[in-house]
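One chain comes next, on its own, written as structure tokens: the form predicted on its own.
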Amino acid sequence: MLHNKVIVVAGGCGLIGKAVVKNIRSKGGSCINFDAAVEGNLDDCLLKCDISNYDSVKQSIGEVAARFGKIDGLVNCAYPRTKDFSGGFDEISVESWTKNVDLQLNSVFYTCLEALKIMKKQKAGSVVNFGSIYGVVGNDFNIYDNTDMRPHAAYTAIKGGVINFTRYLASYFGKFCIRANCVSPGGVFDNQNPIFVEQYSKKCPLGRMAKPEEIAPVVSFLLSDEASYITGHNLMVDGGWCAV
């Protein structure tokens, strides 16, 4: 499905990112993991890259293009955030809001800006950004009852922005045979508070949270030629959350 394709994954060491990298490689893709948490080089298909830093992104994309002569796909599944990325709306500081928008939304712009320069020259490529159910619908705060979990308001603004930014890319770059799509997962199980997991699962039509391995194949599909006529789409992988 992805044979001979060179694909950059930003955030390949995260919960979903690991599954995405593994799935791309299982389908024959040459997957380069950009992550601030790694030490490696292109021989290992790893690059230490701070995606919140434009110069770091520009250098890393340049290295990949120089080595492989092309970039067929870009996946933005990194989730950079501050330590205080939680709390009710009244508890958010202006500094926290500004920093998180800068870290998350701008990093998607940086990677897209540089990768799309390469794709435009090739007149081919596929971008997959990560949205969220909360970039599409409002938060259900009932699922956080009796827990200390409070979603940060910036998250919804960022994910909504990423989804519509992706539509912009699809419209702008379509004439260059470049596709841009979003994947919007529902809640992914990560050993959260059992009370939250139970309350989330009760609302979800499929009755449970997602596994990272259920998100990854969707990304590989959108990167592949099997999705050659899909662009500007936000594909929900949410167990039916947004259907009710």
Ligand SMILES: NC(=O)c1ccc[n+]([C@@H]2O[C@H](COP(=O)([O-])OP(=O)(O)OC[C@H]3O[C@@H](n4cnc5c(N)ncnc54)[C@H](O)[C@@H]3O)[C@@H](O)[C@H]2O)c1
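Computed from a prediction, not measured in an experiment: that's the story for all the values here. So that there is no doubt, residue numbering starts at 1 and follows the sequence shown.
Beyond the structure shown, there is the form predicted together with the ligand, which is absent from this document and is the topic of what follows.
Undergrad: Report the residue, out of L206, V188, I195, C177, that has at least one non-hydrogen atom within 4.5 angstroms of the ligand in the predicted complex.
TA: Going through each option in turn, the one that passes is V188.
Undergrad: Quick check on this chain: which one of Y144, Y110, Y155, F173 has a heavy atom within 4.5 Å of the ligand in the predicted complex?
TA: That would be Y155.
Undergrad: I'd like to know whether I24 contacts the ligand in the predicted complex, with contact meaning heavy atoms within 4.5 angstroms.
TA: Output for I24 is no: heavy atoms all beyond 4.5 Å of the ligand.
Undergrad: Going by a heavy atom distance of 4.5 Å, is I51 a contact of the ligand in the predicted complex?
TA: I51: yes, in contact with the ligand in the predicted complex.
Undergrad: Look up in the predicted complex whether A37 has a non-hydrogen atom within 4.5 angstroms of the ligand, and give yes or no.
TA: Close contact exists here: in the predicted complex, A37 approaches the ligand to within 4.5 Å, heavy atoms only.
Undergrad: Can you work out whether F165 and the ligand are in contact in the predicted complex, taking contact to mean some heavy atom pair no more than 4.5 Å apart?
TA: No, F165 sits far enough from the ligand in the predicted complex that none of its heavy atoms falls within 4.5 Å.
Undergrad: Among 146 to 154, 126 to 134, 67 to 75, 90 to 98, mark the stretch whose residues have heavy atoms within 4.5 Å of the ligand in the predicted complex.
TA: Stretch 126 to 134 is the one.
Undergrad: Which residues in 75 to 90 have a heavy atom within 4.5 Å of the ligand in the predicted complex?
TA: C77, A78, Y79, P80, R81 sit within 4.5 Å of the partner.
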